[in-house]
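In structure tokens, the next block holds one chain alone, the form predicted alone.
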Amino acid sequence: MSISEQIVGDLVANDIAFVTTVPCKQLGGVIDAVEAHPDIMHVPANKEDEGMGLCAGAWMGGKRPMIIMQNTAIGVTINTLVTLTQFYRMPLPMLISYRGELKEPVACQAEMAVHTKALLAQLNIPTYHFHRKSDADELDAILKYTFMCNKPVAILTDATFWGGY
């Protein structure tokens, strides 16, 4: 079983029936697996804050949502995270490619990597960092935690986790 199939299996096991995604090279395998799964409604978004709005609509409609995005968008989603997701106590697991760390080939990505964890900490968003494939074994427990406490939770996945470029 591939790591992408393992991740999607955990989503389905936790009744996540709505997933929105923003394109990302690292997350491409997971996005393809989400798109192919018959138990998940996949709605691609143009921007991450738009995706969070879609997730809010899905949550209010009775579905458990998830967003799959890059860390470079954390800066533009802060208002949405605070005034929508946190204010309304919406559980939102965020599977985030952590661009800009070791093995990153695009220099401009390094700048947002420096700020990502500090921004998430400032927002009091629980954050988990996957470096190794075995770290994904915690995903099921993280998803259960997210829906138990009605909070957004960030799951950072770096290039080492995805096998580099």
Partner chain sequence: MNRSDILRDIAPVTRDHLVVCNIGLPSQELHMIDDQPTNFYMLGTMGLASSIGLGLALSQTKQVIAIDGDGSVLTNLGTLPTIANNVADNYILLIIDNGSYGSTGDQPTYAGKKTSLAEVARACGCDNVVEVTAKDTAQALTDALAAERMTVIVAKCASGNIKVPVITKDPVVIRDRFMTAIQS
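Residue numbers count along the first chain shown, from 1. This one's a predicted model, so the numbers in the text were calculated from it and none came from an experiment.
Beyond what is shown, the protein has a form predicted in complex with the partner chain; the following relates to that form.
Q: Can residue 49 be called a contact residue for the partner chain in the model of the complex at 4.5 Å between heavy atoms?
A: Heavy-atom contact with the partner chain at 4.5 Å: present for residue 49.
Q: Looking in the model of the complex, any heavy atom of residue 147 within 4.5 Å of the partner chain?
A: Contact check for residue 147: no, nothing within 4.5 Å of the partner chain in the model of the complex.
Q: With the partner left out here, check for me: in the model of the complex, does some heavy atom of residue 59 sit within 4.5 Å of the partner chain?
A: Residue 59: yes, in contact with the partner chain in the model of the complex.
Q: Does the partner chain come within 4.5 Å of any heavy atom of residue 73 in the model of the complex?
A: Heavy-atom contact with the partner chain at 4.5 Å: absent for residue 73.
Q: Looking at the partner chain in the model of the complex, do all three of 44, 54 and 63 come within 4.5 Å of it through at least one heavy atom?
A: Each of the three qualifies.
Q: Though the partner is not shown here, which residues of 92-120 have a heavy atom within 4.5 Å of the partner chain in the model of the complex?
A: The stretch does not touch the partner at all.
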